[in-house]
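Given as structure tokens, the chain that follows is alone and in the form predicted alone.
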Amino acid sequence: MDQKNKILVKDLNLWYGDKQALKDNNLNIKENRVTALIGPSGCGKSTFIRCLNRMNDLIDGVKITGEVLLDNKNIYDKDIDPVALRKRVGMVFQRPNPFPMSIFDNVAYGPRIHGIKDKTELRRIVEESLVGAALWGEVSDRLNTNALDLSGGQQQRLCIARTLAVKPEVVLFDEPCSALDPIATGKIEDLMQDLKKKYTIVIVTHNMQQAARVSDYTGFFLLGRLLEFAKTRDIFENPKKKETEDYITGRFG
């Protein structure tokens, strides 16, 4: 049975001032699947993924046209609250960015902002989120230590736990392993396979082996356009566009 669409992108364009960074992009993102976005540096992947939770709203001089439908509702409609949207569509960034506070307070930060004060409830959310991010076993006995004392890979999983704590429906990963060693990268990749049972996942990656390993669908970006999109196996084994084939075989990019 085909999975339902969680996000539909229709005719999405974006400009930074006079420079057009995204051009007429259309994409269906399936629920409870991992969608990978690949392509050379500067081709629009990160800009595109930031359109899915309106992170680009925070940049001066950005103009966006087109639609991004989350469960058939355009997230760019006037009545959409971007803060509430980012609770539903969480984001994990390229470099781990834990807050300079305890492990516990990092994970409890979002729930507290959204009004949860009960200590028992907060403890439950923190434990559940750290379990979900495959970190609980490593930190359960030191939740009050500073998050900045964790290794890079642990910090990134902590950031994933912090994202999960506000109960998102979609999790966006913008090159989440680019600053990590191979062992830490493997843990994050394994984690994605677990997370997609509960969440819809979109990952931007420069690592094509990673895209092939973790994703169900892959999109290839070039010069601001989504040039090709298909099931991951089809993209890597039978690409339709010569540019896609050239990129995945290492001829450019």
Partner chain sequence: MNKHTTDRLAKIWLWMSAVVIILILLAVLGYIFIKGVGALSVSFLLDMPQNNWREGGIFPAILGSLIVVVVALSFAAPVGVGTAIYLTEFRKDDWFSRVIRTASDALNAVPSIVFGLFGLALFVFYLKDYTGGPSLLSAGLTLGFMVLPTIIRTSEVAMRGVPYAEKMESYGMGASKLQTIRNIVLPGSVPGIATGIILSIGRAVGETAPIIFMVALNPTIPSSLFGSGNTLTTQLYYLAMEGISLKVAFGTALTLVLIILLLNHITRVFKKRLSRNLRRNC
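Numbering follows the first chain given and starts at 1. Remember, it's a predicted structure, so these values are computed and weren't measured experimentally.
Keep in mind that the form predicted together with its partner chain is not shown, yet the notes after this line are about it.
Exercise. Could you tell me which stretch in 134 to 142, 85 to 93, 121 to 129, 175 to 183 has residues with non-hydrogen atoms within 4.5 Å of its partner chain in the predicted complex?
Key: Going through the listed ranges, the match is 85 to 93.
Practice problem: Could you work out which of Met55, Met208, Leu222, Ile64 is the residue within 4.5 angstroms of its partner chain in the predicted complex, going by heavy atoms? | Solution: Selected option: Met55.
Quiz item: Does every residue of Ile59, Asn97 and Pro100 put a non-hydrogen atom within 4.5 angstroms of its partner chain in the predicted complex?
Solution: Contact check passed for all of Ile59, Asn97 and Pro100.
Quiz item: Does any heavy atom of Tyr76 come within 4.5 Å of a heavy atom of its partner chain in the predicted complex?
Solution: Tyr76 lies outside the contact set for its partner chain.
Quiz item: With the partner left out of view, is Ile116 within 4.5 angstroms of its partner chain in the predicted complex by any non-hydrogen atom?
Solution: So Ile116 does not count as contacting its partner chain.
Exercise. Decide whether Arg157 counts as a contact residue for its partner chain in the predicted complex under a heavy atom distance cut-off of 4.5 Å.
Key: Arg157 lies outside the contact set for its partner chain.
Quiz item: Hey, in the predicted complex, is Ile80 touching its partner chain, heavy atoms inside 4.5 Å?
Solution: Heavy-atom contact with its partner chain at 4.5 Å: absent for Ile80.
Practice problem: For the stretch 149 to 166, return the residues whose heavy atoms include at least one within 4.5 Å of its partner chain in the predicted complex, in the order they occur. | Solution: Result: Cys159, Arg162, Val166.
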